[in-house]
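Before any questions on how it binds or moves, here is one chain, the form predicted on its own, in structure tokens.
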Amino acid sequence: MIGTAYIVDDDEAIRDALTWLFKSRMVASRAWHSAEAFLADWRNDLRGCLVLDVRMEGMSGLELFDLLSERGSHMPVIFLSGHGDIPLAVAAVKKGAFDFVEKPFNDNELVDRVIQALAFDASRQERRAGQASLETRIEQLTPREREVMARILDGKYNKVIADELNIAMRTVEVHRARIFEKMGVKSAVELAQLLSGRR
């Protein structure tokens, strides 16, 4: 299973019920009795989904959510809210929380949302890794290769590129071949697709 469900709730019965529920659906989980206890163990490289009670003794779930956001956490958060807390939970969703689930919750619906949040987190990690790999490839290009690549992406022919950069057409061909090799593509179309989200 992808990622872990991190449960933070000051009600022991709910923590135990959620731990059992996630285990029954093959979702890995860990639980904490307070926001402060979770923060003591929190690291920015934790992967998964946070299942967070809105109201708790000490630091509230909303305060923890705000603090994690300030610290650069991108982990999806699902709030568990009592009926009177729904306006607070809705406000949290507007600030970037993944969702909120009202107590008493439907077991399967909650687990389904957690699984969706875990998948969302995993796909975001993959995109980030791909973006980092792309940046590394671009950094391998020489300044001249970047100039040539920009013109390839503008759809210019080798002869036009050679004239604009005042170099031989054969040199443009060599640069083009090296750019394709370094970027891991076989054509200008593939290159454009690879960089489409970046330009």
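Just count from 1 along the sequence shown to find any residue number. Not measured: the values here are computed from a predicted model.
Beyond what is shown, the protein has a form predicted together with the DNA; the following relates to that form.
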| item | value |
| --- | --- |
| Residue among 167, 67, 153, 39 with a heavy atom within 4.5 Å of the DNA in the predicted bound form | 167 |
| Segment that reaches the DNA in the predicted bound form - one of 57-65, 156-164, 26-34, 39-47, heavy atoms within 4.5 Å | 156-164 |
| is_contact(residue 176, the DNA) in the predicted bound form, heavy atom dist at most 4.5 Å | yes |
| Non-hydrogen atom contact residue 131 with the DNA in the predicted bound form at 4.5 angstroms | no |
| Touches the DNA in the predicted bound form: residue 144 (any heavy atom, 4.5 Å) | yes |
| Closer or farther in the predicted bound form, the Cα atoms of residue 139 and residue 73, when the shift from this form is 3 Å or more | closer |
